[in-house]
Every structure is written in structure tokens, then in C-alpha cells.
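Just the one chain here, the form predicted on its own, laid out as C-alpha cells.
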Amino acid sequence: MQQGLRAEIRAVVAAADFEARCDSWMRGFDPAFSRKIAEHGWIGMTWPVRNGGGGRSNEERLVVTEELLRAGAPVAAHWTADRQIGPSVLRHGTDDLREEFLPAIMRAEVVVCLGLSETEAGSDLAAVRTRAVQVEGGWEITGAKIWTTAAHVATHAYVLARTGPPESRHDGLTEFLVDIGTPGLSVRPIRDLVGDHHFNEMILESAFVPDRRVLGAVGNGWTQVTEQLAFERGGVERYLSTYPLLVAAAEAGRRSPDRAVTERIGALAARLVSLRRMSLELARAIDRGEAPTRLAAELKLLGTLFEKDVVEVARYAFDVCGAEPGDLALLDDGLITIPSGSIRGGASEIMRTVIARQEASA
């Protein structure tokens, strides 16, 4: 699949100086590397040429994202903007928003954090309490968002806020693009189990957002965010975040062959092939202009289960076959990653609900 492109991205990755790690799309923040990727036209590569994009297929983009994550490359500086905010601006943004954001995203100048989850809402976005009140020239937003990855290094925040009455749930939600430096917006760090900082709490206290920064139609946020989550949940990062660890485990089994290790690695490899086929199907659906929410939810759920098993198999392989120092660093990364895997991007229970509802309505 796209062997020329695959060879090109591998050459760029091989020439770069970074330490491979798991969860590199969240933990690997390197703006210089993202700018290098941008120079090759690999950010916004599927967007229409008329909007400055590459006009390439989502299948081609899949090749690029696969190779970056396989290598554990530091892609966090551009990942969210390229993966879902750019496509959302293309689908729902005004001409002014497209002109403001799309070229900057493609140059890797925009880092976007997602203001979705809240302490009282969790993965239930219909329960968000953050509120936007219309004022002269725009909106004032008040509320709090949690688990906001990269907010401390972001240039902009995507914020889902309630503009209708509290009881409306799915109705009356609106999307906004907010400058991180906006007065009234503050960021507080949330450190993970080992003290690393990539999560944050984002507080908005009457933060003013001009009308031009409304994304899409006022009150149509539920429909729009549901489409957007198909881009977030259906990416290869849902099953390739631990790929460097899987390779390390396979190498341990090669150095000191053990039948049980070989069988477990083989079973994971078979599952990986199936997940890749699902990703390819999803990419082709997006190329057809579809918003494949069910397939994205299925891929996210199965990917979460796969990555959990990668960590367990790697732990077993290193125990039985021995490990190199770098192997244990990757295992530490994987162990830290797994607890959040079933929550971020939507809890596994929510994914099962999405799948069941889509099946019931089919």
C-alpha cells in the first residue's frame, strides 16, 4: 500500500533525532519535528487543494500516520489540529476561519487542545455544563474542562459549551475556537502516575470569544462533535500507541526463543492485521465523504483492548526472555498509558453504547 510514500516517510523518520516511545502522539511534543513533517506536505495532506491542502487521499494519510507511530515519533505538536480540528473547520467553518486556521495548521504553527471532558460529565458530552452566553460582538464562556492534553503548550483551545438551556442535552451545544491567551482562560497542570505533565485542567471565567470564532452553527454542536469524534476515535493511534513496545517484545522473543512468547506475539500480530484492515476501511469511508461513527467506535474499542494486551504480553516476554534497558523504558511508558486508554477519546462503555445504538437503528 503506497510503497513509495511509505519509503519516503521512513527516510525522514530515520534521519530525525528522537527517542522512540509509546503514546508519542500525546507525550512526544517536538514543534521542530512537526515543522519538518509540514515541510513535506504531510499535515493537511487530505484537504482540498483550493484550501491549500494536498488533495491526497485518507488512505495516503493512513500510511504517513502509521509510519510516524510505528517509529514512536514525537508528533503531539500537530496531531490534534491535523487529525480533527482542520477537518472540522473544513466541514463547518466559515471562509474566514478556513483562511485563518488551515494554512497555519499546515505549517505546524497551531497547537490545539480539546476542551471536551468535564469533572461532572466524564465521557458524556451531552452533560457538559460549561456555558457560553451571548454578549455584544461574541460570547462569554464560563466553566471548566479536564484531561485537556497539551493545554499548557497549545496556541488554541477547541471548546464545547452549552448555549441552550441546561435540560436540552443534545440541543443547544456550540463549538468555539479560543485563543489560549484569552483573558479569563487559565491552565492548571495534572500530573500522571510518574509525575509527567501533559494533562491539564482548563478554567474559563467569562472568557470572551468573538463571533467569528464560532465553529459551525450555534446550537448544532452535538451533531458536529459527533462527526468530529469519528476522526478522533478512528485513528491508528488507537492501536499503534504501544507499537514500539510490541516490536521490543518480539525482539526479546527472537533473542531468546520461547514457544509461549512466540504464540502470544503471533496472536497480537493477527489482531493487528485486522485492526489495520478496519483503519483502511474507515479511511476509504471518509474519502467517500462519510462520517463513519460506528466503525470509528468499533476500532477505538478493539484498539484499546489490543493495546492493553500488548503491555501484558510484553511484560511476560521480558520476564521470560530478558530485556534490554530501552525495553524497560518502553514498558514503563506502556504501563502508564494503559489506565487512560479505556477513557480517553470516549470510555469503552460509551463506545459499546454507540455501537449498540447504531446497530439498533440500522
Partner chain sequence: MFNDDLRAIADDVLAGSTEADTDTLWMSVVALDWPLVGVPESSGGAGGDLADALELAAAAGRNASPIPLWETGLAAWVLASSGLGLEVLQRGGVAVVAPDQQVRLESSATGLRVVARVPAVTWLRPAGGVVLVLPSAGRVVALGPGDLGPASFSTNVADEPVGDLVLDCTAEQVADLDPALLPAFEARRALLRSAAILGAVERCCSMTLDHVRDRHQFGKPLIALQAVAHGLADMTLERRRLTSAVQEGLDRGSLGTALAARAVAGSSAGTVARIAHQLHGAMGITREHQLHFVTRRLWAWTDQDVTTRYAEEAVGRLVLAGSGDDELWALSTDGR
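Numbering follows the first chain given and starts at 1. This one's a predicted model, so the numbers in the text were calculated from it and none came from an experiment.
Here the subject shifts to the form predicted in complex with the partner chain, a form of this protein not shown in this document.
- For the three marked residues, 12, 87 and 327, no heavy atom of any sits within 4.5 Å of the partner chain in the predicted complex.
- Residue contact with the partner chain in the predicted complex: residue 131 places no heavy atom within 4.5 Å of it.
- Contact check for residue 262: a heavy atom falls within 4.5 Å of the partner chain in the predicted complex.
- Although the partner is absent here, residue 253 lies within 4.5 Å of the partner chain in the predicted complex, judged by heavy atoms.
- Remark: residue 270 counts among the residues lining the partner chain in the predicted complex, judged by a heavy atom distance of 4.5 Å or less.
- Proximity to the partner chain in the predicted complex, defined as a heavy atom within 4.5 Å, holds among 229, 187, 144, 247 only for 247.
- With the partner omitted here, the residue from 274, 94, 155, 220 that has a non-hydrogen atom within 4.5 angstroms of the partner chain in the predicted complex is 274.
- Annotated contact segment (heavy atom within 4.5 Å of the partner chain in the predicted complex): 62-70, selected among 44-52, 62-70, 331-339, 25-33.
- Although the partner chain is not shown here, in the predicted complex the stretch 103-121 places no heavy atom of any residue within 4.5 Å of it.
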